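First comes one chain, alone, set out as structure tokens in the form predicted on its own.
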């Protein structure tokens, strides 16, 4: 039996879906992309070309739900399926697009650079609990116009795991696709065995910008999976009641499903998001708030009811340093997301309202993820009978440590954390230096990064990726890219 979390009653799920579809009819969704408006109009939606509003009948939504992919895999660079979107399978990747990194030396945030991004990618490759990479940070040593594609360029030079990414512009999306095609071995190969999924973010409430809408359409037509990231902010850009915020999320994601399917029936589109409950005292968007967790788990339940693959941003903290708040908020979101059976949970390593990435937090979060994965495997009988034979063999002797049964099963039954988690006695902890979790995490970051083995990217492919990225950079006045650590002279 897999332990599960259900946030909504079945009747409430049905009502949320019905109201989400009703919102698409009235007041409709604002669509700032001309091609999407054309597709909607041709399908039978009532499109106001002046006010840029599309009113989408339920029949169109139902047709889109019939054709959308209900499950799919992401693949490693060597062609192995690594992430399954569908059912209750749970996977994790780091949070994306951080604008700062927490410097472990100063315990203060600073602008991330190429070397920081490369260290993070190497670290993720070495963490078995993390299933996919992400374009986790925006590097400050390149022009902002290529910030999205440069992250992908760096990642593709070092990764084996699949990647969660996203474009900041419509033109840079094509450069990112060109790089993915080069790595996959052609457009058909990339569509057949996708190595990346693109985040596409509708704007609350009920709006698709020209950029994100075009990214969604382009992904669909290229056979690249897209991950909807609806972001209702309860109490600010969405109703303050949690169920109503989920209704808004439902309408925004349903409109994304429709646009994706009209672009290409069968397109792989993930029901995802990054909502929050607005903090009325500070005017902030807390990702570690219990209401944020509840909205995430509730909308995932709605997506599952529709038979769609799911995603959420969870496991993050709003703390500014690695402290008790950081651990509490990260653990809460991670555990609830796993119990809700969300297919991809993004956010490991993230703090400060989804704006800062910390490598030290990432290795602590990996331990939380390991525990969460063990939790959702549940308890199962390993022997038949479960215990009678053991007790009748040993009687009242407490000798299970020496029993072959223990050696056979303990690694499968127990989650054994890395030294980041301290389980020594007080004397043992003192002998080891009386370190904090953050200090132990910093040590583990160093050892894992040092043990990274380069990915098998051939030199000619590495040169092609650099040429593609350099061409894009030159359009914005940048003539040379920062050198790649390990491969080029710094």
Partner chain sequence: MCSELLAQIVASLVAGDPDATVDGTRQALAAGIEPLAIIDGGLVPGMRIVGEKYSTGEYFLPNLIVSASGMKQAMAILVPELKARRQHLTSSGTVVIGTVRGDIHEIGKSLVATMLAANGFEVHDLGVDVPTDAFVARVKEAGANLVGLSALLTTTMHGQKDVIDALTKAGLRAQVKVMVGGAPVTRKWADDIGADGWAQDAVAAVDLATRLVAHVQQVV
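Positions refer to the first chain, counted from 1. None of these values were measured; they are calculated from a predicted model.
The next section is about a form of this same protein that is not shown, the form predicted together with its partner chain.
Among 209, 170, 325, 107, which has at least one heavy atom within 4.5 Å of its partner chain in the model of the complex? None of the other options qualify; the answer is 209.
| query | Of 279, 88, 71, 403, which one comes within 4.5 Å of its partner chain in the model of the complex, counting heavy atoms only? | reply | Exactly one residue meets the criterion: 279.
>> The chain here is shown without its partner chain. Which stretch in 141 to 149, 264 to 272, 72 to 80, 363 to 371 comes within 4.5 angstroms of it in the model of the complex, by heavy atom distance?
In response: Result of the contact check: 141 to 149.
Would you please decide whether residue 189 lies within 4.5 angstroms of its partner chain in the model of the complex, comparing each non-hydrogen atom pair? No - in the model of the complex, heavy atoms of residue 189 and its partner chain never come within 4.5 Å of each other.
Next on the checklist: Given that its partner chain is not shown alongside this chain, does residue 203 nevertheless sit within 4.5 Å of it in the model of the complex, heavy atom to heavy atom?
Outcome noted: Because a heavy atom of residue 203 falls inside 4.5 Å of its partner chain in the model of the complex, the answer is yes.
- Does any heavy atom of residue 381 come within 4.5 Å of a heavy atom of its partner chain in the model of the complex? Although its partner chain is absent here, residue 381 would stay clear of it in the model of the complex, with no heavy atoms inside 4.5 Å.
Residue 331 near its partner chain in the model of the complex, any heavy atom under 4.5 Å? Heavy-atom contact with its partner chain at 4.5 Å: absent for residue 331.
task: Select from 93 to 130 the residues with a non-hydrogen atom within 4.5 Å of its partner chain in the model of the complex and write them out in sequence order.
output: Sequence-ordered list has one entry, 99.
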